[in-house]
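Here's a solo chain for you in structure tokens, the form predicted on its own.
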Amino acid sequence: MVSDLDVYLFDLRGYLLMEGALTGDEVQALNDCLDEIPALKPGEWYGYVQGHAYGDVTSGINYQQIYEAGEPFEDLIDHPSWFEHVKLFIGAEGTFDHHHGPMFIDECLANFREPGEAIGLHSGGFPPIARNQFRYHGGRFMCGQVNVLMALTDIGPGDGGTMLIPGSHKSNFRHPYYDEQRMGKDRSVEGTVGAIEVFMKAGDALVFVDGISHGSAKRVNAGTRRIAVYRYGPSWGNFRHGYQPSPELLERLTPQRRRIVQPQVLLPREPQVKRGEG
């Protein structure tokens, strides 16, 4: 269950660090799945998993639709370490928004980050965006998107850890960093006042509202940082990049997982006979 302290800290800071959310065996199984996938470039497919990059590859390569990679990634869909937390922070239970299910995954990916790669600071409470809004109203959280970032390798100093500005999900002002970035000044996330770097052990999970300002430090160490990210929102949402789950995945998922991956079944299910025909 979600503790009162977790609720307080998530509301205050916009994130929670869950140490040991995944067991060593789970981390090994996830990494084994990734090792079975040939190296993908943006636009290349391996089954229903696609190589992808945000703009360019300086932020690393993403394997989108990673829950298609095998059972270890399917088990993350409603993993007990964070499922109740995410459900509470989205806040759909007991409302019309829960009609098709407790939540929806609009994007899930594995990310590989090499030396020299990073992703810039983005998001924040200003300007407000409906998709990644943070809201608490009438005794209920109503977050438009809650991310679960899982470390599949140890992430320490020099490894390109996730960076956050605690409390920025409630900010009413744009951080000056964004203006300096637009003006072409050489600014790194590491130099941003108020940002902290989150170090993680393999198996830790970082749960954060997407409205918090976040990015990553630049990786300088040898080797590859591996993470997985599952982005959850209300069941009425839609896929961020237009991917669709495969029929094979939907067939083998549990009923609860199927409702999270595809809350609604589009109608009509079968071709309809026009009036006056047949």
Ligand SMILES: O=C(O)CCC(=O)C(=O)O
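Numbers follow the displayed sequence, beginning with 1. Since the structure is predicted, the reported quantities are computational estimates derived from the model, not experimental observations.
If you look for the form predicted in complex with the named molecule, you will not find it shown, but the lines that follow are about it.
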query	finding
Any non-hydrogen atom of residue 231 within 4.5 angstroms of the named molecule in the model of the complex	yes
Interface membership of residue 192, the named molecule in the model of the complex, 4.5 Å heavy atom rule	no
Residue 122 within 4.5 Å of the named molecule in the model of the complex, heavy atoms	yes
The named molecule contact in the model of the complex: residue 208, any heavy atom under 4.5 Å	yes
Contact check for 52, 61 and 108 against the named molecule in the model of the complex, heavy atom at 4.5 Å	no
Residue stretch of 169 to 177, 125 to 133, 80 to 88, 112 to 120 approaching the named molecule in the model of the complex, non-hydrogen atom distance within 4.5 Å	112 to 120
Selected contact from 149, 165, 143, 76, since only one has a non-hydrogen atom within 4.5 angstroms of the named molecule in the model of the complex	149
Stretch 30 to 55 - residues with a heavy atom within 4.5 Å of the named molecule in the model of the complex	none
